[in-house]
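Before any questions on binding or motion, here is one chain by itself as structure tokens, the form predicted alone.
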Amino acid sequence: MSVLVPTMGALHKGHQALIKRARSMSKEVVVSIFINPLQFENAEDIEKYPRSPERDIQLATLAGATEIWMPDYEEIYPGEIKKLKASPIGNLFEGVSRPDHFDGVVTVVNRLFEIVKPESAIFGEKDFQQLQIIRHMGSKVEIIGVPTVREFDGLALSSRNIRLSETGRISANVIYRAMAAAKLAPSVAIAQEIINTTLSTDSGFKCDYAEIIDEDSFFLATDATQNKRAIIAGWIDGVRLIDNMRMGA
């Protein structure tokens, strides 16, 4: 049984948590490293994406990867690209701000599955909308989500964090603080108010969206919603950050 951990490189402890989970399930753990151009908004964003192949190999190996696969573009997309369409969830939130992003995600994930043929694949909950969209692909591959790994102050680990200035790194903590403060609120309305108020305390954070949603449908949550999750996205220092947290006890 092989388990696939798809990545775009610039590995950190969050990726290592995915690899360790995979290793706990199987002796065969394939870590793919491929920066997928189909999920970027423009060429400039691709160029800015951090690259550290030697360090990636070291971190993946230490975490338990048995094969590190770094395919080139032609291996993933030989000839004409058959672009897939993401589920309707892909038209919401991140999909509004980043048109075609999730179509690019499901297209590359499908290709990775076709080539590697894993029994299972591991993805992080930090990209929760992505995780749910991949679960809706209808693939026979078992999709497993792993909880977000965070810094000492709650900031979700992300390859983009290294692009933050010292001041921006301090500001970034406001996202976690907003969600943590709202987690045990007695109603959705109060939780939403707490999130909005907390985010407004830091002028360094430019909010894109901050909502409490139904985890399954991604519609806005009500007090009757069983599984509620706060999702937040915005920019600090021009760097886009996203995060999420389950609401309730």
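Residue numbers here begin at 1 and follow the sequence given. Computed from a prediction, not measured in an experiment: that's the story for all the values here.
One more form of this protein should be noted, the form predicted together with a small molecule, which is absent from this view; the next part is about it.
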item: Partner contact for Ile133 in the model of the complex: the small molecule, 4.5 angstroms, heavy atom; value: no
item: Contact of Asp103 with the small molecule in the model of the complex (heavy atom, 4.5 Å); value: no
item: Asn244 within 4.5 Å of the small molecule in the model of the complex, heavy atoms; value: no
item: Any non-hydrogen atom of Phe123 within 4.5 angstroms of the small molecule in the model of the complex; value: yes
item: The unique member of Ser26, Thr198, Asn36, Ser52 whose heavy atoms fall within 4.5 Å of the small molecule in the model of the complex; value: Asn36
item: Contacting member of Ile89, Ala156, Val108, Met179, with respect to the small molecule in the model of the complex [4.5 Å, heavy atom]; value: Val108
item: Contact stretch among 140 to 148, 124 to 132, 162 to 170, 89 to 97 - heavy atom within 4.5 Å of the small molecule in the model of the complex; value: 124 to 132
